[in-house]
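Let's start with one chain on its own, the form predicted alone, as structure tokens.
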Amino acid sequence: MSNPHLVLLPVLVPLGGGIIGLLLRGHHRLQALWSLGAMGAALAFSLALFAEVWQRGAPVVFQSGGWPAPFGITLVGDGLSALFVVMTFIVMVAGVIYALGSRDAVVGYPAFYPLFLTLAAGLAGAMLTGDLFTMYVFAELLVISGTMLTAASDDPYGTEAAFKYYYMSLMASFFMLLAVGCLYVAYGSLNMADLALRIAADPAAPLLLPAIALLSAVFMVKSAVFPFHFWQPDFHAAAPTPVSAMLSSVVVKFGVYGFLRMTTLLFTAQAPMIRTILMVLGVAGILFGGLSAAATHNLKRMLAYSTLAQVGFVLVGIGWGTSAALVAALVFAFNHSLVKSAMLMIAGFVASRAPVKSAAFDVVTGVGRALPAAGCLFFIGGLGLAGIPPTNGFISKMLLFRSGAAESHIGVLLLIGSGGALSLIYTMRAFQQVFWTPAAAGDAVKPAGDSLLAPALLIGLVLLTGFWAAPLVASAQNAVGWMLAPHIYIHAVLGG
């Protein structure tokens, strides 16, 4: 007998932890340790949910207030959402660990850790909800938390970056409300399982195509998909390191999650059209992101542009739409979250030891020569981004390229292969400049800086999931099996 409350706890625990954290605002160390405990508990509950879904072989559904779907608010833990929530909290726990060892002034603000917990709750809720309007509410919680954490950054451009993120997200929120309105007017429901049935029964409703276009724009903004990416480099470069590491790794996966739900549950008849657009934009993002990362002047901006390229690989997998390609997309999304958060933390660590705290290449050049441990971690992370063994990035790209070759997508494979080569070029160039090139005369490395514990743990997972990828691949295959059989999700939510 399943416990439906397991699907509620990954949302409730960090949200409640943030509220209690506010009460501890006068006791910074206690508040920080409490936040780590709350985030760790949320990870434990997300793993318990994942295990329950796996062992039960069916989604875990919680009907809020006892109201049956589609009348009440439904939370659903299936193979996709449970896997993504585990991914989220692994990285979020590492983010809190990094913040505990960070010397940024922002981590000492009374609202920092409560907002960090709220960010995690919003992302988990957006991925576990079975209702589009509730997804909008959780997405707003995510936006408000991310905006405030960025605006409080030590970086002088933090406020500007926060405004850019907020107004882009405000536009996306407006689009999402319009999409919700279109679907409700056309079908009289916002429960995703119920909507899937009603859309399949009446795919010619006049407001359906506008709703699809609006939702696509929403998830493109959330994932900074080309050409909706222009806010992202400034935002991630200026945000505090523990925040940018979250936003560029797991928060952007909200859009990926949205596209997966659109193409495998809500709009299955229109999925070929959506997938074609995603594949084209994915290839464009891979090339544009790779070229931009190779040409930028800042280590964090380089990694932000790299996210644009790496998300492009995931979109190509979704665009191909086969079972093997979707498995590759899920594995790629999970692995990228580990690698990218670790790389941004290493960039923050190096910046904290620079003579002037900055990730600009003209400041951090040569700083890493005195930091060999960070150099080793950055080198392994760079191999992960480029898809070189023995990292998990190799597993991701191998699965993706194999799925493309099976369908004879030779032209696309050549294009995205060149994007993979760009990844190796810009990461190794950055490694050489930061950790190999001698520093300018008189530029002394600070004797202390941020802690390297969190990125070391994540890089350890990068290697572990490279050497032992079978559990992750099996989990992705299980999730894709359910995604391609949407009646499993629909039956679990609606019954009958």
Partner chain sequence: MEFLTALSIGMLFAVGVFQVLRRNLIRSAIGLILMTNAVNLFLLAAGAYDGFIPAYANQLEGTPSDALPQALILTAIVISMGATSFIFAVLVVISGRYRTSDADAVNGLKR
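No experiment lies behind these values; they were computed from the predicted model shown. Residue numbers count along the first chain shown, from 1.
The next section is about a form of this same protein that is not shown, the form predicted in complex with the partner chain.
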property: The partner chain in the predicted bound form: contacted by all of Phe133, Ala161 and Cys182, heavy atom 4.5 Å; result: yes
property: In the predicted bound form, the residue from Leu291, Met398, Met171, Ala421 that sits within 4.5 Å of the partner chain by heavy atoms; result: Met171
property: Sole residue of Thr296, Thr147, Ser352, Thr365 within 4.5 Å of the partner chain in the predicted bound form, by heavy atom; result: Thr147
property: Partner proximity in the predicted bound form: Leu190 to the partner chain, non-hydrogen atom cutoff 4.5 Å; result: yes
property: Close approach of Leu178 to the partner chain in the predicted bound form, 4.5 Å, heavy atom; result: yes
property: Contact label in the predicted bound form: Tyr166 to the partner chain, heavy atom within 4.5 Å; result: yes
property: Ala213 within 4.5 Å of the partner chain in the predicted bound form, heavy atoms; result: no
property: In the predicted bound form, segment of 374 to 382, 218 to 226, 76 to 84, 149 to 157 with a heavy atom within 4.5 Å of the partner chain; result: 149 to 157
property: In the predicted bound form, residues of 234 to 250 near the partner chain [heavy atom within 4.5 Å]; result: Asp234
